[in-house]
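As a starting point, one isolated chain is supplied in structure tokens, in the form predicted alone.
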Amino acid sequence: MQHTETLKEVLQFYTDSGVDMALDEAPHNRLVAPNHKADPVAVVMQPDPVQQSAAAAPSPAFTPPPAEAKSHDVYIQEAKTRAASAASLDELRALLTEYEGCGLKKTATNTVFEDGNREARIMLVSEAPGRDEDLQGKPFVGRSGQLLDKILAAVGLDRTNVYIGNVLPWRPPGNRTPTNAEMELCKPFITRQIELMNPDLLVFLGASSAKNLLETTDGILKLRGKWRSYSKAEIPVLPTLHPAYLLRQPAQKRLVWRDFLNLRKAAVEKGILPSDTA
């Protein structure tokens, strides 16, 4: 009787202490649903799912950090170095074709480098190719090119006695106006192209080419028709309106007619054209 009372006191002590279940020698998974007979050994041996997942996942392969993108200034310096190293127009064209500094190359079909006669003493520099030029890889082959041919013919010139280049050799998408950054990235190549040609007379067609190469903020209507000096070689240069502009503003053809008469006069004086031409 005394033994029974002692057991009651012990059980009461456990109850008061918060013990609500009995333990035995075999472990039990208390988290499974009632009446589910889990294998006690399997429960004990079951690995931690988090640890198992971590152990099964392969170690990530080492990925080197991406190369630092070249800055705008670095690409300009690269263009200057490449262009300066060209000893001929063919070398310059190859170096320009390989140049990756200007994003326009990624959207263009062709690199539009030149047209005309490399022995010519008159060089025309435009700003950028249009759609037709991009497709054919030659400057002035579309409507503006047909108009340019008529303008040249009116003063006794054609593509056999002029040479044509572009500040930008790649077409801006949608024929938009080139940005200053794009002009700067390609400028060393056209500068070297002019140096290698070393013409007696230069004509800058359009605002972008004139303002960029003459390094001025003056508009083309202010620049056009007045002879200036280009580079240390002091090549006479005549800025004028771009033929594409004349297609939109036909009334301005009279200004370009005056400019090309001015060009013809200078060409005669230098012996490029005979005095009785046109």
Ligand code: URA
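Owing to the predicted nature of the structure, the values given are computational and were not obtained by experimental measurement. Quick note: we count residues from 1 along the sequence shown, nothing fancier.
Heads up, the form predicted in complex with the ligand isn't pictured, but that's what we're talking about next.
- Checking 136 to 144, 94 to 102, 195 to 203, 75 to 83 against the ligand in the predicted bound form, the stretch whose residues place heavy atoms within 4.5 Å of it is 136 to 144.
- Contact annotation: A128 falls within 4.5 Å of the ligand in the predicted bound form, judged by heavy atom distances.
- The shortest heavy atom separation between R224 and the ligand in the predicted bound form exceeds 4.5 Å.
- Looking at 148 to 180, the one residue that comes within 4.5 Å of the ligand in the predicted bound form, counting any heavy atom, is N166.
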